[in-house]
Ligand code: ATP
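Just the one chain here, the form predicted alone, laid out as C-alpha cells.
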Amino acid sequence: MTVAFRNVTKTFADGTTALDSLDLSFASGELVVILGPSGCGKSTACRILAGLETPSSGTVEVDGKDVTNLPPRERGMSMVFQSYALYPHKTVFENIAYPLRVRGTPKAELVRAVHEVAAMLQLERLLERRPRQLSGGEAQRVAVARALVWKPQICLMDEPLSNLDALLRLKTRIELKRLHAELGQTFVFVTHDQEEAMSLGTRIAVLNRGALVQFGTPQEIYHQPATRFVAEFIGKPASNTLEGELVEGSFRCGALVVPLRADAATVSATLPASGRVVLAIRPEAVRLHEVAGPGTVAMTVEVVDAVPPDTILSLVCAGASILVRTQAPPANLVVGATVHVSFPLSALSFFELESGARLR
C-alpha cells in the first residue's frame, strides 16, 4: 500500500503553518521515520495521515485512493501515542482486546488474537494486571499490542519512546525492529531523536519548519546530507560546519586551510572557483597525525572528553574550531597540546552559505 502526501499544507487558526507543501510517498512494508526538531510539523503529518487532523490544502492518498476526508475508523490504521492512553480500569488483556471488541470480533477469535500478540511482545504473564501495576516499558508494549492486535494496514507511532529511560529506549528499539521484520507491516514512526531514527528507519523523512528537506536511507542521510541543516542535525556529535572561502583550489577558514586537490582526486572541479561556502565533515572522518605532513593543519587541543571507547577532542586554531571523534587518540594527549589533522577529500561536503543547499 503506497502512502502519499500530495502538496499537503496545514495552517492553524492562529496563523501557524505546521506543514508547508509536504510531498512524500513511500511503499508498503517500510518503517518510515518522520524526524525533526520540536515544532517542525512531524506529529501534525502523522495526525493528518491518521485522520485526526484535516489539511488546509493538498491530499493524502493510500494505495492510490484519496483518504483526505475519510474518518479515522475507515482508514485501516492504528496509532500509538506518546502517553500510551491505556484504560486504567481495564486489565492488560482488556486493553489489548478493546479494538477487537468494538469491531464485534467473536470471542474465540478475540482470545486467540490477544494471546498471539501478547506472546509476540512478551506480555503473557501481565494479562491480568492493570496499567498502574506496569513499568513504563511494559505499558509501552501494551499500547503497541493494542495497536497491532486487529492487524491494521499501517501502524502509526507518535514519539512512543520519549517517556522511557535511555536503557529501556534501546531495548524497545530493538524489539520494534524485530517486530517490524516479523510482521512486514508498514510502520510510520515520529521522533525528534536522530539516534532513534537512524536505528529504526528503513528510510527517514527529515522535516524542518514544516518542509521536507531530505528523504532517504539512514546511510544517505548521514553521509550525503542534502542541506546544512541535515548535516548539523544528524550525528552525535553532529558534523563540523565551517564557513569560509574557496581560494585557488583550497578552502580557507581563518588560519585553517584545507587543500581540495590530491594526487588522484579533486573536489574543486565540482565547486565554484571562488566565493564563500560552508564545509562540513563528520567528527570521526577527521584524521589525526602526530607529526605534520602534506595537507595537514596544526590545531590546539582545547578539551578532551573521554567516554570509552570514544574520545571527543575539541580543537581550535585562529578563526576555526572542530570536534574530532577517535578511538585511538595520540599518546600523552593533554589540553594545550598541538595535534595535526587532515580532511579526507571523500569525506567533505559543501553547502551554499545563504540557502544551505548542498553543492557537493
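Just count from 1 along the sequence shown to find any residue number. Since the structure is predicted, the reported quantities are computational estimates derived from the model, not experimental observations.
Beyond what is shown, the protein has a form predicted together with the named molecule; the following relates to that form.
Participant: Find the only residue in 330, 29, 58, 39 having a heavy atom within 4.5 Å of the named molecule in the predicted complex.
Facilitator: Contact residue from the list: 39.
Participant: Name the stretch: of 40-48, 292-300, 320-328, 61-69, exactly one has residues whose heavy atoms fall within 4.5 Å of the named molecule in the predicted complex.
Facilitator: Within 4.5 Å of the partner lies stretch 40-48.
Participant: May I ask you to state whether residue 16 is within 4.5 Å of the named molecule in the predicted complex, using heavy atom distances?
Facilitator: Residue 16: yes, in contact with the named molecule in the predicted complex.
Participant: Should residue 196 be classed as touching the named molecule in the predicted complex when contacts are defined as heavy atoms within 4.5 Å?
Facilitator: The answer is no: residue 196 has no heavy atom within 4.5 Å of the named molecule.
Participant: Heavy atoms within 4.5 Å of the named molecule in the predicted complex is the criterion; list the residues of 154-169 that meet it.
Facilitator: Counting only heavy atoms within 4.5 Å of the named molecule in the predicted complex, the single contacting residue of 154-169 is 159.
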